[in-house]
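Form predicted on its own, single chain, as structure tokens, below.
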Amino acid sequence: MNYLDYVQMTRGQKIAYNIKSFFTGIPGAFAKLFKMIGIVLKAIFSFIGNGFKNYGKTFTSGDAGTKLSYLIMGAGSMMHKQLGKGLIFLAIQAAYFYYMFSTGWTYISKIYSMNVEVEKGMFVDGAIGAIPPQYEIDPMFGTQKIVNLDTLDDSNRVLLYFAMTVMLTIAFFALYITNIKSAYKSQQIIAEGKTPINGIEELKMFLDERFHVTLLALPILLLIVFTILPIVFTIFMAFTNYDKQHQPPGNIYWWVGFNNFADVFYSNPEKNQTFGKILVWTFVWAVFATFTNYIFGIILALLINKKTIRFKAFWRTMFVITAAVPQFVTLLCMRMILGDSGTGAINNLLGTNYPFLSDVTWARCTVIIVNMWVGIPYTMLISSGLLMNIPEDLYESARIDGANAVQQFTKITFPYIFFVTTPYLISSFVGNINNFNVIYFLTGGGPSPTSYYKSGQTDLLVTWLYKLTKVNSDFNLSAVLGIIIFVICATGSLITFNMSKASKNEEEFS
């Protein structure tokens, strides 16, 4: 459809066309996403292939120092008159091998072999780490074993050290390749009749042209330790039976493959039905929580920014105060106000017993309305700033052409706000999928029927995950939910943003 056909449509036809275009564009967006993933994977394999190619090429054309650096890190640098750099590489290699022989290989061998040797030659098949001094039925092999706890390791420690060792090995391999490249580069500089820079000069570079590397080193290290390592550990945990019955060090857990995923998606009726109902409610909640805040926030900003409204700063300040109060304080107060008769202020005052938080329909409506109270001010502030930046000439031209207030809003105001705030809208939607505070502090996830697996009818995936972890110790199932939430949020964010005008037409409102 061309532009002329589109502008000749009625408003209802345009809405229907846009909705149809959105849903018909989803398969194409998925195809684009998978194509992008394929391009990235191709680039990665190409990079790895070129790396192996260059690895052999460098060895063939390298001198004695470069070739020696393949075995002893830093040897090439030291032979090419870069003593300081060579010693650093050598120290890294020595530290890595010391760690591997003293600690790392022990846990790698336990993970890969999936067998733990114990006293008197007995084994525990399929287990990570230790098993208690009692009989245990192995779910994978159906064998019954009795072993001594004192001879074995804590399962968590085995899994954590394995993840750490893998990440350290990847980092070491990257430095190993850097050592070879550095030796070969120094060889080429010497072949040109020049002298390679010494260690002091190279350190000065990290305060000048490579200063960005110096600044980013610590944040990246902290990111790896406190973000990437826990993610890797969680992914591993999703493939184990780490639950209330398998708590190290008094008990062990072991690999169960995709059993946990199967329980969530189809094999366990209780978990499967609970997951399906909570997933649907999570999306319903995210849609209502996002768009009610967004739409009413824009309306509130329009009202405050009207020329006939006096004391604009006062009204903005009043609504900002609701955002300035810590959210959990507001939610706990609302919980006391909206409680059942005997505990809730409203019911006690009116002499009624409205089930604001105890009936599933009332509770779900209540959390959406209360979320509007705590969320609308943020959208109001953003929209107010955008409204002030819309050129007045656009409205003057529209009025001259005979456009009324509604037409000015639909043709100028809202398209501009929507274009600029699309990334914010996407992040708000993802944030509401993970909106822990409103649900947990207001309803606690309740009401909680017996048909739900350790959750309530207002629980979101994230609050269910919290209950499984902190209350019920079902760490394996919570790890699966964490992976599912990540996939939903990441995929949804990429697809919706790439389908938006903010991504396709970046210069439209510039």
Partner chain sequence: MTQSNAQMRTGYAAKRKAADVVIYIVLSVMVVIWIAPIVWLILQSFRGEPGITTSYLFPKKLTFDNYIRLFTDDQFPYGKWLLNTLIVAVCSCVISTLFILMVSYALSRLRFKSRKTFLNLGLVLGMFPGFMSMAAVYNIMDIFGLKQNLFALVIVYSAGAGLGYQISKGFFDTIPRSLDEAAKIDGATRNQIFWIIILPLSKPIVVYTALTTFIGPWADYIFVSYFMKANADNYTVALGLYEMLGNQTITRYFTTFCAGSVLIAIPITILFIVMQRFYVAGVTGGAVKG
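Residue numbers count along the first chain shown, from 1. Not measured: the values here are computed from a predicted model. Think of the rigid core as the biggest set of C-alphas that the two forms share within 1.5 Å after superposition.
The protein also exists as the form predicted together with the partner chain; that form is not presented, and the subsequent description refers to it.
- The putative spot formed by 160, 325 and 420 is fully lined by the partner chain in the predicted complex; each residue has a non-hydrogen atom within 4.5 angstroms of it.
- Contact check for residue 477: no non-hydrogen atom falls within 4.5 Å of the partner chain in the predicted complex.
- Within this chain, residue 96 is remote from the site of the partner chain in the predicted complex, having no heavy atom within 4.5 Å.
- The partner chain is not drawn, but in the predicted complex it has no heavy atom within 4.5 Å of residue 193.
- Using a 4.5 angstroms threshold between heavy atoms, residue 274 stays clear of the partner chain in the predicted complex.
- In terms of contact with the partner chain in the predicted complex, the residue from 207, 71, 200, 400 that brings a heavy atom within 4.5 Å is 207.
- Interface residue among 78, 334, 111, 279 relative to the partner chain in the predicted complex, by the heavy atom within 4.5 Å criterion: 334.
- With the partner chain omitted here, the record of contacts in the predicted complex names 432-440 of 97-105, 282-290, 432-440, 261-269, defined by a heavy atom within 4.5 Å.
- Within 4.5 angstroms of the partner chain in the predicted complex, the stretch 354-389 places a non-hydrogen atom from each of 372, 373, 376, 377, 378, 381, 382, 385, 386, taken in sequence order.
- Superposition of the core reveals a Cα shift of 2 Å or more for residue 404 between the shown form and the other one.
- The two forms, fitted on the rigid core, differ between the shown form and the other one by less than 2 Å at the CA of residue 169.
- Once the rigid core is overlaid between the shown form and the other one, residue 267 does not reach a Cα shift of 2 Å, moving by less than that.
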